[in-house]
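In structure tokens, one chain follows: the form predicted alone.
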Amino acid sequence: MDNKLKTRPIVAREAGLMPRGVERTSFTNFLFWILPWTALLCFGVYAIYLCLADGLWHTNMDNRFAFGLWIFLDLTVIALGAGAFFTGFLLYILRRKELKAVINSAVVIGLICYSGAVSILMVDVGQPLRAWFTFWHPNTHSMLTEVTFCLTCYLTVLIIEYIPIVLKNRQLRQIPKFLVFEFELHKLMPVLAGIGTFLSFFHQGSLGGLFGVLRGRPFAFREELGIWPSTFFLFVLSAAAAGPSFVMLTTWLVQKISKKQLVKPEVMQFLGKVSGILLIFYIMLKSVDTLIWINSTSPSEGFPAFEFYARKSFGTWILLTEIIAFGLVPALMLLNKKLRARPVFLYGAGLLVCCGIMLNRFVMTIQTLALPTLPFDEFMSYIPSWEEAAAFLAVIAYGVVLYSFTFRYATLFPQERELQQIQRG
């Protein structure tokens, strides 16, 4: 009896922290879920410590692979995190109210992706104490300067957008100052969405433009459209296409893990439709860009395009997989209303879209660096060290931990309460 009496106040306090009218698992189950991810996070932090304390010799990076695994994964994470800015753009600028059901989740995903990418970039550079050099001594002729400023500013915007989500906690809303602050921040959301769209457009594009201007790397080099290479616009469009799919997939995954319906099926189908529309435009422009590169750009630099696909590891199959299997096929599936209404096709297509963006970033980083550009250069292979893998696994673990706590103690899905009431009734 005494044990029960001691337990009840703890349970009551725990319930008082969670959103009203929704069900959450017991704290014990939640603890068992969090502990393995926390252990993985600690392991990754240890690997990061080794890289910063002892040096980047803990990695397998060298003068040829100056970024290695991290730059590929960073570009992938940043592209998938584009769902935050594009969902906000559709909701607050284009007034697509149905996306209100997932905007909080999109913001958290964006915050995880961008903060994780910035953290790994600090390890990648190897001199985090000199990170301020970029701001105080900027190279105005470098696209990386624009990327640095835009990433930092947009991460600040995401943090500001995340604060109202935290302040919606039941206990925090009882504090009048927090309630007023959350209300005032909410009124700024359209402005922040516009700023976020502007910043994301330029840093997504500059990440692609960075490789497009590398004349010494003819595999990635592209002709200019205006003042930017074509890869600038392809990176923006591909990120905007993949972002809604990633938001859709993460929402589906959370529903499966929590065993609850969190949003209406119409919302998921709308995200899929948006992703399909943007993806078909991306595939069209990507195809035109590839044909121009094969027939004009690459030969003019003295490199017949077929030479870049002469090795089995980077054969023409990788190009066809990116454009057709991970591009055209999911785009047509998402644009078909009947197929989009069937979860297996909807989420399957979304997964293909995300795989496509990963393959594209892999091609633009690892394949670009591996291919020889001079007659006496050799084909370079690259295998990341365990420290590199552990450091990035720490980002995934950090994301799971932050998302889990936010899901448990804040309102990520406004439709959850309504849908649970319908299920009970």
Partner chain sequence: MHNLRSWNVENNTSKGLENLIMETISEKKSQYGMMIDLDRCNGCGACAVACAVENNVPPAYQQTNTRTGITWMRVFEIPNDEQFPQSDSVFVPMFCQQCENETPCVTVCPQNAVEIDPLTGIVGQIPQRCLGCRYCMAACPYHARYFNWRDPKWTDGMKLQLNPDVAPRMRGVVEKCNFCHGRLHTARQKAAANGSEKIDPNDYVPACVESCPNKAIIFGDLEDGSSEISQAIKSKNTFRFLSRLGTEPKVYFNSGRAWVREMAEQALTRTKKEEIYG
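In this text, all values refer to a predicted model and were calculated from it rather than measured experimentally. Residue numbers count along the first chain shown, from 1.
Here the subject shifts to the form predicted in complex with the partner chain, a form of this protein not shown in this document.
Using a 4.5 Å cutoff between non-hydrogen atoms, P138 counts as a contact of the partner chain in the model of the complex. Put simply, L52 is close to the partner chain in the model of the complex: some heavy atom of it is within 4.5 Å. Heavy atoms of R215 reach within 4.5 Å of the partner chain in the model of the complex, making it an interface residue. In the model of the complex, the partner chain stays beyond 4.5 Å of every heavy atom belonging to T316. With the partner removed from view, the residue among R95, K259, R311, K338 that has a non-hydrogen atom within 4.5 Å of the partner chain in the model of the complex turns out to be R311. This chain is displayed alone, yet in the model of the complex one of L210, V263, A117, L111 has a heavy atom within 4.5 Å of the partner chain; that residue is L210.
Residues of just one listed stretch (316-324, 117-125, 266-274, 349-357) have heavy atoms within 4.5 Å of the partner chain in the model of the complex: 117-125. By the 4.5 Å heavy atom rule, the three marked residues N29, V400 and Q415 all fail to count as contacting the partner chain in the model of the complex.
Residues of 226-252 are not found to place any heavy atom within 4.5 Å of the partner chain in the model of the complex.
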